[in-house]
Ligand code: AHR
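A single chain comes next, written as C-alpha cells; it is the form predicted on its own.
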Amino acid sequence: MLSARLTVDTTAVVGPVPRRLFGSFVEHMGRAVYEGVYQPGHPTSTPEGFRQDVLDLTRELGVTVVRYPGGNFVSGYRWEDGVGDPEKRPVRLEGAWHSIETNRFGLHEFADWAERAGVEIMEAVNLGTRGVAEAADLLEYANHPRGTELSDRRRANGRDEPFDITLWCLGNEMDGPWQIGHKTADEYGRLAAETARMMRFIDHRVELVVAGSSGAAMPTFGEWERTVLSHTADLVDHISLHAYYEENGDVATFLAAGEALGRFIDQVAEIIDETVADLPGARKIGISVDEWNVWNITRFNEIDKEPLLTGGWLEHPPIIEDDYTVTDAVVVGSLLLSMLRRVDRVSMAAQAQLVNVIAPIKTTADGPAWRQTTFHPFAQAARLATGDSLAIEIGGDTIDGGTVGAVTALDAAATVDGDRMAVFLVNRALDDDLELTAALPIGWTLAAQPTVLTVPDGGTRLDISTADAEIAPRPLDTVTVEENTLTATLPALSWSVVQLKRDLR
C-alpha cells in the first residue's frame, strides 16, 4: 500500500473560489443543442422546446456560467440567422462541423434557456469571418435598451428588455489552422483590440476574454500570448487557455493530467506577468480555462472525423459522444483540483461541453438523459468548493506520471467557508490503495459521510455509466478524524470527498 501526507491550514489562503470556475459550454455542434438542451416534442420538453430532464441535470451539476455558441462554430456564424421568426430563419451549411444548421435555436432561445437553468451567459463573437462591426451590432442588439434599429429589432423579436450580457469572448482558437478565419497572433491581436475598443464604446460594462493558445503543444504557444496581450492588455480582462487530455494507450501520462494542466496554467501566468509588467494601462488579466475536459481526440481525428466529412451534410449528426469511464472521472477530478489550487490566477473555466458532446450529461432522442461518470466530480466540487481555496501541502509516495514525470500518488485540494471545510482527494495510483494521514487545524470533525467514486465491485476501470446503470459516489467508510489528524484509506484510482465542520464550542 502507498502512503501520502497532507497538511491543511485554514490561514494559508490562495484566494476566493470564483463561482465561474464551474462553467460549461454549449456549442452548435453535434447533438449539444438539438437533442441536447433543445428538443421540441420530447416527452420532457417545456413549451419553449427545452428538455426539462437536461435542465434538471444542469442545475444538479451546479453549472454557473455557459459559453455559447462556440467554439469552432462561432468563427463562421452569422448571429442574425438565429433571431426573428424561427420559421423564417435561413438554413445554412455549417463548415466547422460539416453539418446543416437550421438556426431554430439562437440567441433568444439560449437566453431563455440560461434563465431557466440559472446560469450566466458567456457569449462569443465571430472574429473568423467577421469583425468589429458585426460584434458591435450583436452587442447593441443584445444590450441597448431601445430606440435604435437593432435594439428595436430585438424588442420586435419578443425581448423588450435587454439581455444584459456582460461576459464576452473575442473569437475562438484563432491560433489554430483548423479554425475558420485562422490568423497570425499579430493579425488577431489587432482585430481583438479594435473589437474590444468598439464594444467598450457601446457598453462600458463588458468583460472581455481574448483568445489564448488552443493547447500547450501549439508551436506558437507563448509568443502568441505575448503578441496578443501586447495589443489588448489595456482592453481585456481575461485570456483563454484550452486543454484536453486523453489516455491513448498511455495511462500513466493520462493520470498525471492534473499536473500537466497546472504547469500549463503556471506558464500562462508567468507569460502574463512578464508581458504586462511594462505595458501602460494594462489591466489585471485572469486566466479563463474556457475549454477543458477529457477527450479521445486521436480517435476522433483518425476514425470518427472521416465519416463526418464524407457522409453528406446532416442536421446535428452525433459527434464525439465519448462514453466516460471510471478512469476518465478520476482525471476530471484531478483537473478540477489543479484549477482549485490556482484560483489566484484562474478567473473562470468552462468544461467542454454540457450535453452529448464530450459531456457529463448524455441523452437519447426519444428517451432519458443520464449522468456520465464525469458528472459526479464536477457536481460535488461545484456544490462544496465554496469560500476560500487553501494552500495545502502534499507529500508521500510518488508514481510514474509518464511524460509528465513522477507525481505524488495523492492529488488534493481543500476549501474553507466559515465553519465548513471540504477536502477533495484523488488517488492517482492505478493498482494500489493509498494510506492517507492529514494534519488538520484544531477543532475540525467530520460533518457528513465521506464518499468515493472508484471502480465498482466486480468491475474494471473502463466501466461506464448508462441510462439504466449509473456509476456514482458511494460511502467511504475508512475515514476517521481524531486529535486534529484525518486518516483514510483511499482505493486505487479514486475520487473522494470529505466534509468537515468546526466545533465552535
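The first residue of the sequence shown is number 1, and the count goes up from there. The shown structure was predicted, so the numbers you read here are calculated from the model rather than taken from an experiment.
We do not show the form predicted together with alpha-L-arabinofuranose, though everything after this point is about it.
Q: Counting only heavy atoms and a 4.5 Å cutoff, which of 306-314, 326-334, 68-76, 411-419 contacts alpha-L-arabinofuranose in the predicted bound form?
A: Of the options, only 68-76 has residues within 4.5 Å of the partner.
Q: Taking alpha-L-arabinofuranose as it sits in the predicted bound form, is Gln353 near enough to touch it, meaning that at least one heavy atom pair lies within 4.5 angstroms?
A: Yes, Gln353 lies within 4.5 Å of alpha-L-arabinofuranose in the predicted bound form.
Q: Although the partner isn't part of this model, could you tell me whether Phe25 comes within 4.5 Å of alpha-L-arabinofuranose in the predicted bound form, counting any heavy atom of the residue?
A: Heavy-atom contact with alpha-L-arabinofuranose at 4.5 Å: present for Phe25.
Q: Does any heavy atom of Glu173 come within 4.5 Å of a heavy atom of alpha-L-arabinofuranose in the predicted bound form?
A: Within the cut-off, so yes.
Q: Hey, in the predicted bound form, does Val33 get a heavy atom within 4.5 angstroms of alpha-L-arabinofuranose?
A: Val33: no contact with alpha-L-arabinofuranose in the predicted bound form.
Q: Looking at Leu453, Met29, Val63, Val37, which has any heavy atom no more than 4.5 Å from alpha-L-arabinofuranose in the predicted bound form?
A: Residue within 4.5 Å of the partner: Met29.
Q: Considering alpha-L-arabinofuranose in the predicted bound form, which of Trp224, Phe378, Trp295, Tyr141 comes within 4.5 Å of it through any heavy atom?
A: None of the other options qualify; the answer is Trp295.
Q: Which residues in 243-282 have a heavy atom within 4.5 Å of alpha-L-arabinofuranose in the predicted bound form?
A: Residue within 4.5 Å: Tyr244 only.
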